[in-house]
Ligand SMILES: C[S@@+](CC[C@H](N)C(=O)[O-])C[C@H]1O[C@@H](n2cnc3c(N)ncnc32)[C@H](O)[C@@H]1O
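Next comes just one chain, in structure tokens: the form predicted on its own.
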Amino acid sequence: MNNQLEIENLTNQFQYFPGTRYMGSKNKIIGDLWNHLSKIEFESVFDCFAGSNVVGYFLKSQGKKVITNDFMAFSHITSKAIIENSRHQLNSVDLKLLLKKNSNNGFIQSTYKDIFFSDTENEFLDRVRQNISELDNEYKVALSLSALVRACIKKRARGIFTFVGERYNDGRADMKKTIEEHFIESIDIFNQAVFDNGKKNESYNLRSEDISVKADLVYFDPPYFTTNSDNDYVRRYHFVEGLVRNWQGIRIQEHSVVKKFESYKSPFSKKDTAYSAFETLFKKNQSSIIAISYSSNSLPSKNELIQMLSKYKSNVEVHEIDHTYSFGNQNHKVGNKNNRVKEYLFIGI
């Protein structure tokens, strides 16, 4: 590798972000967001609803101290692997351990038989999930779980777990690879994503109403409440959420065809609590610069959010970004104007 390429790799670390087809990810508009956020002076940022972690990872690559939070364990574990983690990677010895044969309880094989993956792939998931528990480093555990989650999502049509089988298999290359191939590939991808930006970054797995963090800027990208579609992340990603948690502390709904479990309660899932949830966030974080991503087809409305934020910030700006949600490309939704929205970025200073 020549010196020029080394410099480019250091200054373009964001290119190594391990993206997936995550609902609501800001991957496609991160440049637009940064165009506005870069005009603000801040050294630390609290990403309260980390989701895909694309915003937190991008800001880490810009040299900011990043603190992330998400109530989904699989989002938190990815943040721990590539945002909080600054130097630990998985090596060939670790990979050998992860892939070794073992005796396990076959939980996935028996519980999710003929639902999402083949028997061979379920056996592989059971084996690797048990082997991960033998790793003695929390960041290597996070990297392994993140790679396993990515493998599962990449192997699923649409990247979600709301239906049985492969009815939406579009024949893309990801669908033709085995989960083991995806897993090994993802380990390399996550290893490349590990870097040290010289700051002590942190990752949390709490409800937004239960965490208080001091940072120069707080960024909120909560589940968007809209009457057009649900914002239930657990429904879409229950399988990988259970995988990360090793199905501890959750109760599978046996009557459910896809064996999902009860969704986490969120004040942003209902109209009558979404408004008060925003008020609580604004009041609690009024000493920081506040940035919010929200959409034009969601509630509270643009004007309502401006009014709410103006109670705590003297200067409120709203920037509009044209954006079409990725879940709007399903056959029955193509051309549906409800999926053509403006993405708002509110900034209160």
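Keep in mind that what you see is a predicted model, and the values were worked out from it rather than measured. Residue numbers here begin at 1 and follow the sequence given.
Below, we turn to the form predicted in complex with the named molecule, even though it does not appear here.
Asker: Work out which of the listed stretches, 217-225, 181-189, 101-109, 157-165, brings a heavy atom within 4.5 angstroms of the named molecule in the predicted complex.
Answerer: The contacting stretch is 217-225.
Asker: Given that the partner is absent here, does S25 sit within 4.5 Å of the named molecule in the predicted complex, heavy atoms only?
Answerer: S25: yes, in contact with the named molecule in the predicted complex.
Asker: Does any heavy atom of L206 come within 4.5 Å of a heavy atom of the named molecule in the predicted complex?
Answerer: Looking in the predicted complex, residue contacts with the named molecule include L206, since a heavy atom lies within 4.5 Å.
Asker: Using 4.5 Å between non-hydrogen atoms, is N69 touching the named molecule in the predicted complex?
Answerer: Residue-level check for N69: yes, a contact with the named molecule.
Asker: I'd like to check something about F116: if you look in the predicted complex, is any of its heavy atoms closer than or equal to 4.5 Å to a heavy atom of the named molecule?
Answerer: No, no contact at 4.5 Å.
Asker: Quick one: of S298, S52, N285, S61, which gets a non-hydrogen atom within 4.5 angstroms of the named molecule in the predicted complex?
Answerer: That would be S52.
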